[in-house]
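Just one chain is shown here, as structure tokens, and it is the form predicted alone.
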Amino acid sequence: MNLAVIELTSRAGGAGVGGKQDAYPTWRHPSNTRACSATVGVMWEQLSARKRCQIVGSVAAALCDRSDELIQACASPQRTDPVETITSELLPLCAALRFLAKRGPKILASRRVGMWRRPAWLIGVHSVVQRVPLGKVLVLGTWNYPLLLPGVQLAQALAAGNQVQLKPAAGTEQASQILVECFHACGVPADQLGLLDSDTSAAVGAIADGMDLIVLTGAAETGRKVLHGAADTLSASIMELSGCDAVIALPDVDERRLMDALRFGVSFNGSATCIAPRRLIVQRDQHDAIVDRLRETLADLSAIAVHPAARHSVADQIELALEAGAVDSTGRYCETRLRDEGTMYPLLLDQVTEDHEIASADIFAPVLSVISADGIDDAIRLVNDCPYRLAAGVFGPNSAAADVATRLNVGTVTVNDLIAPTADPRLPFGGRGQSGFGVTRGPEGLLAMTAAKVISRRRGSIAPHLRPRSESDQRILHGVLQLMHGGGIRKRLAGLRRMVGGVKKK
């Protein structure tokens, strides 16, 4: 759910950070007075992980109180149904916040490394691995899910103790402001969480100033530009980028479930979803029956608005596909309507082959290409050879589908379902190839907002590495090496003899 057409240019949806800080009202959620006062006089980073997670978790109640405002702020030509804001943004975001409140402290807890399996030469050494804040985190927001995606990223970065800046995508300024206000109202200091201008120059300026971590949700081309800017300051990055997700239909698939899922995936959120299905891979002997039924399934869907930044590129891709031999199976596509009015009916492109450009393009519109495969192995190859490998769906008998899922080189695989399972707050999300790297969400996403810091202490007087070197050291240590790691009993016994000989000489 992270696809956004965001560019570090003057075009719509620019992904950037660094700008003016907005003023915020002093509204406070009544149940969070204690949380608010907990930060007074204490730096955010110095609060315990439990306290930070408690404050972040309490933001769920503040979001509920302002849900009507948020629903209105998220309305757009691509988001015409308020139910979608509730189900795809508010419910999973609040669940993620509650997850952090409950599980965050344990995930962030230090790991003690004691005597168990400690190397012999480290006798007396006790270590602890701490999870510490990275420092300054920049979140580059997205227009298609302006609450859930940046909201979880903000929450995890704050729970880890970081200082965070949010750069909203153009068109999401109001929703982003309310989101940040809710965090402030629950006790997150204003200097710990800032809202930047939505203009591209804000992103460029913040990246140039140097950030410890940049988290981008956007198009692959935007990712390249952000990484280019981050290279000068060696800023770490998490990239959630474009998708060209495939659905594989196996033999004996439940066609009704498949049709319902594809209808949902193509139309949900105006098809402005990075893990929406863009390719349907079917076995050749299934092709005709599935395409006929899918054509009927999509026939009554209404026209969908395509984001202004994507309209012409989508139209170009469709025209190239049609010229290369693809067929408009629904018969309702109109290039003029898409380019001039920005709307189109869901398009089912049949007879697409893997060498068509649209078969490996990050289309961000209700376009579903049907590709025939010569068996399951070929279907898996078609998925794994695509440069965009964000997610995939497999539909068929559970055991067969699960086997295929393990062989797909993508970030997320859903079996007999689409999109919805990725909203589970316990799960990480990230892609492969040109769909990006790193993860957000889930325990892994929370840890990605931290750095590992190791503290080791030696107790007692034994520290053989500190004494002067002796002539027998090499023989003794070589013997120890063979004794502990030699291949086979003879080599280990030879090591023992060498070690004993060195000790006697010494």
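Worth saying up front: this structure is predicted, and the values here are computed from it rather than measured. Note that residue numbering begins at 1 and tracks the sequence as displayed.
What comes next is about the form predicted together with a small molecule, which does not appear here.
*Asks:* 136-144, 329-337, 186-194, 351-359: which one contacts the small molecule in the model of the complex at 4.5 Å, heavy atom to heavy atom?
*Replies:* The contacting stretch here is 136-144.
*Asks:* Thinking of Leu70, Gly151 and Leu179 as one candidate spot, does the small molecule come within 4.5 Å of a heavy atom in every one of them in the model of the complex?
*Replies:* Negative, none of the three is within 4.5 Å.
*Asks:* With a 4.5 Å heavy atom cut-off, would you call Phe395 a contact of the small molecule in the model of the complex?
*Replies:* No, Phe395 is distant from the partner.
*Asks:* With the cut-off set at 4.5 Å between non-hydrogen atoms, does Leu241 touch the small molecule in the model of the complex?
*Replies:* Leu241: yes, in contact with the small molecule in the model of the complex.
*Asks:* Would you classify Pro168 as touching the small molecule in the model of the complex, given a 4.5 Å non-hydrogen atom cut-off?
*Replies:* Close contact exists here: in the model of the complex, Pro168 approaches the small molecule to within 4.5 Å, heavy atoms only.
*Asks:* Though only this chain appears here, would Val204 touch the small molecule in the model of the complex if you measure heavy atom gaps against 4.5 Å?
*Replies:* Yes, Val204 sits close enough to the small molecule in the model of the complex that at least one of its heavy atoms falls within 4.5 Å.
*Asks:* Identify which of Val226, Leu262, Val383, Cys74 has a heavy atom within 4.5 Å of the small molecule in the model of the complex; exactly one of them does.
*Replies:* Result of the distance check: Val226.
*Asks:* Can you pick the one in Ala159, Leu368, Val164, Ala219 that has a heavy atom within 4.5 Å of the small molecule in the model of the complex?
*Replies:* Checked against the cut-off, the match is Ala219.
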